[in-house]
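Shown here is one chain on its own, the form predicted on its own, set out as structure tokens.
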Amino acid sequence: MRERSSKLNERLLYLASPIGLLAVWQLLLMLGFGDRRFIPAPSDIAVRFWELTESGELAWHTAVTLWRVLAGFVIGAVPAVAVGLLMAMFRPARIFFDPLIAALMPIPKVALMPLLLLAFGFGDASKIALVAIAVFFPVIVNTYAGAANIDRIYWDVAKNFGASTYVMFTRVVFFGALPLIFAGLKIALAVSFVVLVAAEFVASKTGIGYLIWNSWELLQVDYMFVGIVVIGILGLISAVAFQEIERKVIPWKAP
């Protein structure tokens, strides 16, 4: 019972900062700090949120954005984890991939959008490809760092017991790197929302990014803030979900 109460208190504390931010935001505008024409109050945003929800427009744009993020995230993260582990296990793989990562990682991923539009067109494929590319780099770097920093004693013990390369890969290196793999996945998920919304500004007629940009063009600032708040809510939900998954998958990690 005490443990359950402690977890409930932790979750309430986790929600305290965003709720507190909204309360302070509302209070400052009610006291006359700021122009509600350009910075709408949370209550104004809530009204527009309800209108867009009732019309079904918000659900449609949100579903489109989530589909693009999820598809691109999986396509980018799975090979990144595999390559990162291979780099840690095999020196030739590390030598081969290191210069490619060093050269390609600093390139702003949104700058690749024109090339992806030429290759995949204006449909979902170009946005999914952009997300996959953006996800790949933080995941591969964190995976390699996690695997490369495994205590050498675990490698030696596994080899002494005659562990095969497959067992080393799946049982020692993968599980040893999991904490940093999850760190990379959480960073990559945030990055995926950033690059996708930026791409939806100019290369899409659907999605949360399009909703924000179209509202800005029509000077519907309150609708624009609905899109911004939805991205924040999706980020919060995904962070909580990742924490729960991480707690189940890595029970030995200190909280």
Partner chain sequence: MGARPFASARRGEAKGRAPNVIGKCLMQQRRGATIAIAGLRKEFGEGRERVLALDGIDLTIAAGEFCCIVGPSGCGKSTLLRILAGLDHATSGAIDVDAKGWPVANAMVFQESGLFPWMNIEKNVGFGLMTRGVAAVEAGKRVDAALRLVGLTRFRHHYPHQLSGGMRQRGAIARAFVTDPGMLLMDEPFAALDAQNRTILQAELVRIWEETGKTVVYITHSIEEALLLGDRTVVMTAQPGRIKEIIDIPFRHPRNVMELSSTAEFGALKLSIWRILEDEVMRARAEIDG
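Numbering follows the first chain given and starts at 1. It should be emphasised that the depicted structure is a prediction, and the values quoted were computed from it without experimental measurement.
Below, we refer to the form predicted together with the partner chain, which is not included among the displayed structures.
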Query raised in the report: Is every one of 158, 161 and 176 in contact with the partner chain in the predicted bound form, taking contact as a heavy atom within 4.5 Å?
Result: yes
Query raised in the report: Taking 4.5 angstroms as the cut-off for heavy atoms, does residue 154 touch the partner chain in the predicted bound form?
Result: yes
Query raised in the report: So in the predicted bound form, does residue 101 come within 4.5 Å of the partner chain, heavy atom to heavy atom?
Result: no
**Report entry** Contact test in the predicted bound form: residue 167 vs the partner chain, heavy atoms, 4.5 Å
**Finding:** yes
Query raised in the report: Heavy atoms within 4.5 Å of the partner chain in the predicted bound form: does residue 94 have any?
Result: no
Query raised in the report: Which one of 112, 148, 172, 183 is close to the partner chain in the predicted bound form, taking close to mean a heavy atom within 4.5 Å?
Result: 172
